[in-house]
Every structure is written in structure tokens, then in C-alpha cells.
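So this first bit is one chain, no partners, the form predicted on its own, shown in C-alpha cells.
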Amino acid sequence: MPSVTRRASRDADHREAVARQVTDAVERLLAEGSTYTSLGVQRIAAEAGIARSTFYLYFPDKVALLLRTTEIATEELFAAAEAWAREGFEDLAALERTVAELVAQQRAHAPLLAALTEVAGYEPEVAAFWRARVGRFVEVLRRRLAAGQKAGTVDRALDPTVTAAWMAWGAERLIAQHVAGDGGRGDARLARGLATAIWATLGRT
């Protein structure tokens, strides 16, 4: 007989696979032009190839679904940003590559992230989720800035808390606005300009 541990692992894998089916379906529907508020559970379930009752086994409501979809969709975005914050403060070229990756990730998930912003305007739980997610990156930056100041590689006049928040939230908003209004031709310029601005803020030349 299969062990309890192995069975539990298979169940967890199955649950994750179904959850990703649903979240992928949401991104497809949003990319096709649907608004998140207009998407009904039945339509999402049909797009994901599951029963409506199955949907509710995984997501109690559409707010929970939006949070999970965003969490999955932004894994690579935050991984790239946090890797740079931990390892890439010494290289402007690495910073520019990181910003370019953030722009690409934002563009890839633009309809979903626009929906997140919309729903956050009237759903406190969604707004709190995104503040907390970006806030974790702000804390990574804050610690890295403080360490750089101690090492003499970051301008000591900077306030690490304020600077980290500016870098994270400023980049998040600027990239979102850029993606919403630019078809992609200006991505390289944005990456270069934002990287240079951050580099100068750190006191580099």
C-alpha cells in the first residue's frame, strides 16, 4: 500500500495543478479583454475545465482567487528583483537587466495586475495583500542599503527605509504606467533610464 506521506504528496501536487489550471484560466480571460468584476465563477470554471463545485473546493471566493493568481504570476518578478537586491548592487549593467526583466514580467501579466489595482481600490484585503507583498521586497532593499552604507558602497546620507520604499513603489508604479501606455517600443529606454536613476540615488557614478 502507498504510504500516507506519498499519498499526501500526490494530493498536494494535484491541488496545486488544479489551482494553476484555474489561475491560468483567469489570466487568459483577462488577456482576452474581460474585466475581473465581470468574470463569473461559472465562466472561470468552464475555461479551466473543472466543475463549479470543484472551483469552490480550492477558492472560497473571487478575492481569494485573485490573490492566489497574483501570487503565482509574480513569483518570477519578485524573484528577479530580490536576487538583484541581494547580489547585484555592484553592477549597473546587472541592474539594467533586472529592470528590463521586471518590465517584461509586468507586460506579461499586465491585465492581471491592472485587475489587481482595480479591485484593490474597493477591496481592503486585496490592497493589504499587495502592500504586504511589495513590503517584503522593500524590507530586502532596506537591509541591503543599510549593509551597503556600513560597507561604504552606498551613500551614507540616504535614509534606507525611505529610499527602499521609493525604489520599490516608485518602480512598481512607473513600470505599470509605462506598460499601460506603451506597446513595448520604449521598454529598453525605460529600463536604462530607471536603472541609471536608481544607480545615481545609491551614490554611484
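For clarity, a rigid core is taken as the largest C-alpha set superposing within 1.5 Å between two forms. All residue numbers are counted from 1 along the displayed sequence. Source: prediction; values computed, not measured.
Missing here is the form predicted in complex with another copy of the chain; even so, the following discussion is about that form.
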Testing 24-32, 42-50, 173-181, 56-64 against another copy of the chain in the predicted bound form with a 4.5 Å heavy atom criterion leaves exactly one stretch, namely 173-181
Residue within 4.5 Å of another copy of the chain in the predicted bound form by heavy atom, from Glu82, Asp91, Glu118, Glu76, is Glu118
Is Val154 a contact residue for another copy of the chain in the predicted bound form, using a 4.5 Å heavy atom cut-off?
-> no
4.5 Å heavy atom contact, Ala19 to another copy of the chain in the predicted bound form = no
4.5 Å heavy atom contact, Asp159 to another copy of the chain in the predicted bound form | yes
Any non-hydrogen atom of Val140 within 4.5 angstroms of another copy of the chain in the predicted bound form = no
Residues in 172-194 close to another copy of the chain in the predicted bound form, defined by a heavy atom within 4.5 Å, in order | Arg173, Leu174, Gln177, Arg189, Leu190, Gly193, Leu194
When the two forms are laid on each other by their rigid core, does His178 show a Cα shift of 2 Å or more between this form and the one not shown?
-> no
